[in-house]
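Shown below, as structure tokens, is a lone chain in the form predicted alone; questions about how it binds or moves come after it.
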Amino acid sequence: MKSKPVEKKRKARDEESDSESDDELGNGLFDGVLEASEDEEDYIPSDEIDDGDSESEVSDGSEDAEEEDEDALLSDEIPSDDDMGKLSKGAEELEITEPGVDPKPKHQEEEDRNYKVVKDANGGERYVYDEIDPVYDSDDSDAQGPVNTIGDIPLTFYDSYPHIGYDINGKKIMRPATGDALQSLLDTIEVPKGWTGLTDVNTGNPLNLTQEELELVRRVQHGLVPDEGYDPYPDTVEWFTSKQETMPLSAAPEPKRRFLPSKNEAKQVMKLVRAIREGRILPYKPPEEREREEEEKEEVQFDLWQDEEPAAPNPMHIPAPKLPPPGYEMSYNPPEEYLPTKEEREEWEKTDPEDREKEFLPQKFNSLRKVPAWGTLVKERFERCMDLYLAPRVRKNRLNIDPNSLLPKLPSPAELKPFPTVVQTIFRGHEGTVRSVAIDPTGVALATGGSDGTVRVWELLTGRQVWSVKLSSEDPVYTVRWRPTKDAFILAASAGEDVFLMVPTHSSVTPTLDQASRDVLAAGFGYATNGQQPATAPGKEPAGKWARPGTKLEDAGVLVRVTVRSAVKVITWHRRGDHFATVSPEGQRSSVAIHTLSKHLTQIPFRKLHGLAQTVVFHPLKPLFFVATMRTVRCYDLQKVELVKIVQPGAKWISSLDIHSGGDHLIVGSYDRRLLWHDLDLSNRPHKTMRFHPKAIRAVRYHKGGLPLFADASDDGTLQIFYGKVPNDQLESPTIVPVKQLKGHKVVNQVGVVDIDWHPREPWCVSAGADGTARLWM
């Protein structure tokens, strides 16, 4: 029997262990994890027994009763009848389960069991076991506490709950107990070792640092290297002092014999070379190797393949072609559109097997288990093998061709000069957009027309303005064009519905040339006075009214005004200078008009025009007249008065048109950013389509002086210069090479370069832009 002091000591130790575990592990569930054996409970050190005797004895009435019962059972006295009744009653409660093991009372055994006996639905017994608590069952002192598994969720989400998360088993991790304000104040005053004042995000407990971490923080705060064993200032290694360099002893120049070959040595070497070639000097060989070579020379060998003739190389093994992968029609559950109808099935059954497109009909099954075996499988495999056996297969080598070799070999732009590259002169003076430019046939004067309603004449090389006139205060000057002959100095310009013919003042114009120009314009008035004009139907507006513009304009040099039915946008002269054509896109049937200068006569050549006219041009050699509508270009013969050809560029909206000086080639510019080259002798379709601009092309122009150049102007503010050589041989194709992109004009309101014209002799061009300037490019 154990003494009372021992029991009290053990009970006090258990209470201390309980309090320590509560402090370390918080509110973790560790019920029944650590169990001590009876031997460990009975073992008590002697020093603890001695200490326990000095302590005060405090016991309950129940403990005294238990001790008296134990003393009575262990005494040598003969028990009385009452004691025997008690013993027999206690023995009935004990049940022996295993021999050699002390019996346990029934109620204690029931408490130790981890299951319960319940009745099932049939009235039988059923064992229900307790749920296993998956906790850490080990005496390891380094075991970690429950890890919070809430991830990146802030702990503030759990402020209204008694727990702060869940462990790996899904059990709640209770919030650690927090003391009162006084305890917090004491904790801050008495700072424990490793205290940081921070809280662990995952567990909510105070975050303490280890000795190594505190040392690392201290070194960082003092500006020291975190690693204690690292030396930031090691001793230098005197490498150069330990190495001895070989230096020249003198600065004298090297003798010539060091870098010139010796002639005597060369003679000796050549003697050795000749001896080796003649066989007088042989390399050393061991005696065994010499004997073996002599034996091989004595042996007679025969070449089995000396009479073999070269044969054609046999084809290498070629793998059999693979069968195509199955399609939807081969599925056991194909879509409804792949299933044949009743009529298709009957037609397929009536067709001969050789004529059928497919060897089977698609069928639909609910599951793969219901699909029957394919009846003609063996036959198909046999035919497949026969095809592979009988069908000849030849390996075809792939062509190893460089893709760059397939591209046409174009000459270098440096070989195609001359062509304009830089801007030489900028003509400023117009207010608003400069809509048209033109260089006179002599190449000394430049005429421009702008949105301000004025026409200005400049010296081409100096950029000096020499003449100007304001034609209209409301309508802009859309186009200006010089008369192409050199016998007169006449300029035509359009403003609104009026076309003005004028003789500008220029330093190159002599009095004789000026008078000749005025006589050409005045000759038509005498022709009209003689009554030779064609009669106009009563009540119908004439196609054009020829009149003098007024005293003010006449004094400025504007001599004739021709008024048509709608605003004129395009003026084109015939090569002889007696006829010019105008285009009014809004004029419907009367949009195209041909004017005769010598007769002051205006005619409408078309009774009905297919589409809206955009521009017109005369053929440079033949009596042909080209009219461009929005999508097509029609060629008419003015002598036979008939349609000759319809050219279809394929553009959505044609903007400009020009003909090569040879008369067989045509370029078309469109608002859909395409430049099209047509060979009129080959086809009605474009010979070449070029796209070099991101915006619309406003104007295209060939060089009329014999140089193989042409250019286009775009709304992106650039000009593209091309080298376009037309060969004399009709079997050769023209050479078209882009050589230069000229940039300088600014884009205003999404409008860039509006018009372009070439010098009659030099490789120079002039451009008109929406930025109010005209530029000469050389």
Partner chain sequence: MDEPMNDAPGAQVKVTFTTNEVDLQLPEEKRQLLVPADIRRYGLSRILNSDLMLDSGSIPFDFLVNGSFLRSSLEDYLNSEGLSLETNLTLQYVRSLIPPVFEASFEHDDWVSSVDVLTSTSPAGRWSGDSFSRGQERVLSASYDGLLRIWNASGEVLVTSPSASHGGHSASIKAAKFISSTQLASTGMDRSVRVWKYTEPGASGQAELKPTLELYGHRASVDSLEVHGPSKRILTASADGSVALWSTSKSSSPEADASLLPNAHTSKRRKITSSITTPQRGPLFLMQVHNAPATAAIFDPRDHTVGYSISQDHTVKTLDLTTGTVVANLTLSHSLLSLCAIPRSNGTTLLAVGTSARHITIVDPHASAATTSVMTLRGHTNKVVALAANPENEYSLVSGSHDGTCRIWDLRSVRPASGGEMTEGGMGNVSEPVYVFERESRQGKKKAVAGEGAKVFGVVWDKELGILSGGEDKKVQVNRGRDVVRE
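Bear in mind that the values here come from a model prediction, so they are computed numbers and not experimental data. Positions refer to the first chain, counted from 1.
The form predicted together with the partner chain exists for this protein as well; it is not shown, and the discussion that follows is about that form.
Self-check item: One stretch from 503-511, 614-622, 660-668, 157-165 that, in the predicted complex, holds residues within 4.5 Å of the partner chain by heavy atom
Solution: Looking at the partner contacts, the answer comes out as 503-511.
Exercise. Please pick, from Val466, Val644, Ile150, Val217, the one residue with any non-hydrogen atom lying within 4.5 angstroms of the partner chain in the predicted complex.
Key: For this set of options, the contacting one is Val466.
Self-check item: Sole residue of Arg345, Arg589, Arg384, Arg428 within 4.5 Å of the partner chain in the predicted complex, by heavy atom
Solution: That would be Arg428.
Quiz item: Taking heavy atoms and a 4.5 Å cut-off, does Ile318 contact the partner chain in the predicted complex?
Solution: Ile318 lies outside the contact set for the partner chain.
Quiz item: Is there a non-hydrogen atom of Lys417 within 4.5 angstroms of a non-hydrogen atom of the partner chain in the predicted complex?
Solution: So Lys417 counts as contacting the partner chain.
Exercise. Give a yes or no for Trp764: in the predicted complex, does one of its heavy atoms lie within 4.5 Å of a heavy atom belonging to the partner chain?
Key: Contact check for Trp764: yes, within 4.5 Å of the partner chain in the predicted complex.
Quiz item: Asp487: heavy atom within 4.5 Å of the partner chain in the predicted complex?
Solution: Asp487: no, not in contact with the partner chain in the predicted complex.
Practice problem: May I ask you to list the residues of 756-778 that have any heavy atom within 4.5 angstroms of the partner chain in the predicted complex, in sequence order? | Solution: Heavy-atom contacts within 4.5 Å come from His759, Arg761, Glu762, Trp764, Arg775, Leu776, Met778.
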